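The chain below stands alone and is given as structure tokens, in the form predicted on its own.
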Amino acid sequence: MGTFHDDKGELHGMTVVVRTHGPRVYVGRCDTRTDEGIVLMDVDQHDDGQDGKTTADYLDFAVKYGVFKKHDMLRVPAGEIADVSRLGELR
């Protein structure tokens, strides 16, 4: 039987997509989500148009092949978050 972290939220341990109100999107493993924001582990980030790829192109690649982490841990403040969803839901 595994370890349960009921205090960390339903997305704990899941790979999620965090869309911001700006051009940036984050993909990482959710550690904790609170009213203050979300803490992600093993995180990649993409700005729309970066490297000639739209956010849709980037997320399509992430669904198929995963991401290359740029941050071990990252906190995204609640005020910057437009949406949080599981990466697997994009399939």
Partner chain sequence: MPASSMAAMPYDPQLVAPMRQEMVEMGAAELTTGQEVDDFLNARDGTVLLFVNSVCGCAAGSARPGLRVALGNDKKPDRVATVFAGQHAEATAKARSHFSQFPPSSPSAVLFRNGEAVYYMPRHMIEGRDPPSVAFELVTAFDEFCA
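Every value quoted in this text rests on a predicted model; they were computed, and no experiment measured them. Residue numbers count along the first chain shown, from 1.
The same protein has a further form, the form predicted together with the partner chain, not shown here; the description that follows concerns it.
**Q** May I ask you to check whether Met41 falls inside a 4.5 Å heavy atom distance of the partner chain in the predicted complex?
**A** No, Met41 sits far enough from the partner chain in the predicted complex that none of its heavy atoms falls within 4.5 Å.
**Q** Contact between Gly66 and the partner chain in the predicted complex at 4.5 Å, heavy atoms?
**A** Contact check for Gly66: yes, within 4.5 Å of the partner chain in the predicted complex.
**Q** Using 4.5 Å between non-hydrogen atoms, is Val25 touching the partner chain in the predicted complex?
**A** Residue-level check for Val25: no, no contact with the partner chain.
**Q** Even though the partner isn't displayed, in the predicted complex is Leu87 close enough to the partner chain, meaning a heavy atom within 4.5 Å?
**A** Within the cut-off, so yes.
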